[in-house]
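A lone chain, given as structure tokens: the form predicted alone.
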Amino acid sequence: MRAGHLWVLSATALGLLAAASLMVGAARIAPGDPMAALVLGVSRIPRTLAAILTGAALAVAGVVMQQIVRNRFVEPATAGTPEASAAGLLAVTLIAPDAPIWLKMAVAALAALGGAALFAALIRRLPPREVFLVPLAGIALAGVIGAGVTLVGWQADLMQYISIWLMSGEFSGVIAGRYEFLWIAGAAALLAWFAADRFAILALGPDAATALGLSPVAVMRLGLVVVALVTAMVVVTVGMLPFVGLIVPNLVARVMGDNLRATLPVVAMTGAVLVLGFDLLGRIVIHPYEIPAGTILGAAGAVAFLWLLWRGDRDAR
């Protein structure tokens, strides 16, 4: 498949899935139905936009994370960033339960930034040739932070909230007025596209980046901010969806190469297609009930992740 074909295929699939998403739901609507405009405006359009923004932002954040740590087998969901964001949310919920949503978002973003920075610092101590240790370290870090969040949440009787933040990854509760913060995640993904060349140079290594007149520390900080904003907005709004930022960038790179300026728009569209498609599938399988998109992504993404590890091992040989 050529790069141009992938662009057209992604755009076409996104358009078709968006149209289907507007038509599928527990409530049936028909032309001329006075409730149709209400259902579309309050529920289905916001839900479709939320899935598109979530998928696009998570896929781009995965690319940024991979460029920062110079490893294709990581993404925010396997680096402890969602768990750190949930820790921030838990802290602000315990300390100031009546805090406005913007403050909770800010605390979640700062906590996610701290988690991403901790992961980046941790992997610097790993042997550079042991590429598979990086995702394992991220998973271990996520487990430690997640265990702490779960323990505190259980003692504070907040397990329901924690399950929504970390394990749901679903869009059934998305309505107008409850998804708009995802536009911040979309803006962060757009910022990553403007800085695509800088991230590509950073992936060459700090010495090469410095030789080319780039400040590796400044670019890394920018990347961490992008990852933190995307993670926090997604976790607070719909819960974390695993493997989007891992699978999509690797699949696109196999077709289009590593020119980030050219591939990031396709990565964003493909991520949107993946999330919207699985959300639509979850609505159809046991209609009128739903399976969370995060549940389907977790199963399919785990298989795809193992395949990528196997392919990476073969390529390394």
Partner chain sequence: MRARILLLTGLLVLVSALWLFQGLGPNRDFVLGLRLGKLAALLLVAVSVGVATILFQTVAQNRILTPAIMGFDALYLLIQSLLVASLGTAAFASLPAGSKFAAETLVMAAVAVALFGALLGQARGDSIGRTILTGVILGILFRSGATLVGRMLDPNEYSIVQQVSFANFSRPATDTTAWAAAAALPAIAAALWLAPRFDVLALGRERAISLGLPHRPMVLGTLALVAVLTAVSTALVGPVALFGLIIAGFAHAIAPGARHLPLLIAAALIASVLLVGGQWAFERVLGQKATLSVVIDFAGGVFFLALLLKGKVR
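On a predicted model such as this, the values are computed, not experimentally measured, just so you know. Numbering follows the first chain given and starts at 1.
The protein also exists as the form predicted together with the partner chain; that form is not presented, and the subsequent description refers to it.
Out of the listed residues L90, V107, A137, V236, A137 is the one that sits within 4.5 Å of the partner chain in the predicted complex by at least one heavy atom. With the partner omitted here, the residue from L103, L94, L133, L190 that has a non-hydrogen atom within 4.5 angstroms of the partner chain in the predicted complex is L133. Proximity to the partner chain in the predicted complex, taken as heavy atoms within 4.5 Å, picks out 153-161 from the listed stretches 177-185, 109-117, 82-90, 153-161. Shown here without its partner, the chain carries A147, I291 and V303, all of which come within 4.5 Å of the partner chain in the predicted complex through at least one heavy atom. At the 4.5 Å threshold, heavy atoms of L141 reach the partner chain in the predicted complex. Shown alone here, L122 lies within 4.5 Å of the partner chain in the predicted complex, counting heavy atoms only. In the predicted complex, the partner chain lies farther than 4.5 Å from every heavy atom of S10. At a distance threshold of 4.5 angstroms between non-hydrogen atoms, T295 is in contact with the partner chain in the predicted complex. Interface residues of 240-262, taken as those with a heavy atom within 4.5 Å of the partner chain in the predicted complex (partner not displayed), are limited to F243.
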